[in-house]
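So this first bit is one chain, no partners, the form predicted alone, shown in structure tokens.
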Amino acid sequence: MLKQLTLFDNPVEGSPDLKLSRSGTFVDNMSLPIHRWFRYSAGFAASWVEEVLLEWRIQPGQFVLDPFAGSGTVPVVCDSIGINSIGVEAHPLVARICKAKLLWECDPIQVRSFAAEVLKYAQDQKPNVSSYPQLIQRSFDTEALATLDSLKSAWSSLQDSSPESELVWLALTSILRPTSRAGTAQWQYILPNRTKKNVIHPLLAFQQQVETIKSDIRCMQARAKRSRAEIIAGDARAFASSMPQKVDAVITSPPYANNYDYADALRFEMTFWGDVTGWGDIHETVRKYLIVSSSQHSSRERLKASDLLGSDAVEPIRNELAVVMDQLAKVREAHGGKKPYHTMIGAYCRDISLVLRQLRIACKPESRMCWVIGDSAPYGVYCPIEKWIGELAMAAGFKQYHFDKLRDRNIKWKNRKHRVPLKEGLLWIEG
């Protein structure tokens, strides 16, 4: 099959157009150049980030920080308008994706040439699909996996740490889900037991993605001269010592305390590349470097409520937090799963406090911050997350905060056990 298709001879019919995303705070960035190179669910709209920076009148000589950089929305936006930025990301694969997106300075023709070499080399590779874990084998047709394996082997043999090499790695990584027959649940969990109808052949998907990257590089280079971003692959709870510069502004969205396992979101891609072999590897490879936001995390670390409440990091909210944690500890006994939400919430607040302390060190005295956040109600017990973060920010040395609600969440209660209205919005922190 590899020899029956030739890449890059002609433009790809049906390739995505270069069009701007609609304005708003929570929209899909997948229509925007550079941003669309990888679909990562956790994030916010690039157009909104640019609006905030313009409103704040951030100048080219100033620095913007995102301590939860994700796949790079803030750094890419800053590059596009000529502003310096720093991103911190603890998830190793997500940090690599973020860094790859910032390689837009390279020659697009060289990216295309490297991809063509990968394809040519792949034609002589002998696929070995049996070596993949069951998650991967169950998620692809045999022919598709054989093609992907040949491309992977070719890239591994040719990769030379060059920008074009890394961008071709990103192209291959980004087509894994579109070429898989497995369904995807909310927040990117892969579902091998559910099959989807629209599956793209790997060679066509690879061609489309490389062409998209090539055209987006040209688009970005027409707007900006060079990348002004630096990405720190590290823990947001301990990054200040790695900062090259104090910052003037922070735009970020931390993990929500909603029991979503951010470490598991890209297990599919990490398994394909051999970074992990199964779910059991995720904690040591990824999760322990992230702030606690899921019961899986707090359970794996065997956290104790007394230790969490005894931490000086939660002292400003200790009394209120203790009441909520006690409620959760009691409520969990009535549930079959008995999930340790009480220690999850305690650890989440502790970790957010540690991040805020790092931010106080990293930020200039007159800095501004905007956090996109949502509250939480595990087992139906309400947690005023925005209030707690605001108070922890004040205790860390920031001067004031206020919260603007953007939308309601958890209000369509059909077939739901917990009917506690939630909200999502912007937490503005000054000083």
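For clarity, every value in this text was computed on a predicted model and none was experimentally measured. Position 1 is the first residue in the sequence shown; the rest follow in order.
Unshown form predicted together with a small molecule; subsequent notes refer to it.
>> Within 4.5 angstroms, counting heavy atoms, which one of the listed stretches 145-153, 315-323, 284-292, 109-117 is next to the small molecule in the predicted bound form?
In response: After filtering at 4.5 Å, what remains is 284-292.
> 37, 388, 371, 40: which sits within 4.5 Å of the small molecule in the predicted bound form by any heavy atom?
Replying inline: Filtering the options by heavy-atom distance leaves 40.
> Considering the small molecule in the predicted bound form, which of 168, 78, 345, 88 comes within 4.5 Å of it through any heavy atom?
Replying inline: After the contact test, the surviving option is 88.
> Any chance residue 393 has a heavy atom within 4.5 Å of the small molecule in the predicted bound form?
Replying inline: No, residue 393 stays farther than 4.5 Å from the small molecule in the predicted bound form.
> Would residue 209 show up as a contact with the small molecule in the predicted bound form if we use heavy atoms at 4.5 Å?
Replying inline: Outside the cut-off, so no.
>> Contact with the small molecule in the predicted bound form for residue 69, defined as at least one heavy atom pair within 4.5 Å: yes or no?
In response: Yes - in the predicted bound form, heavy atoms of residue 69 and the small molecule come within 4.5 Å of each other.
>> At 4.5 Å between heavy atoms, is residue 234 in contact with the small molecule in the predicted bound form?
In response: Heavy-atom contact with the small molecule at 4.5 Å: present for residue 234.
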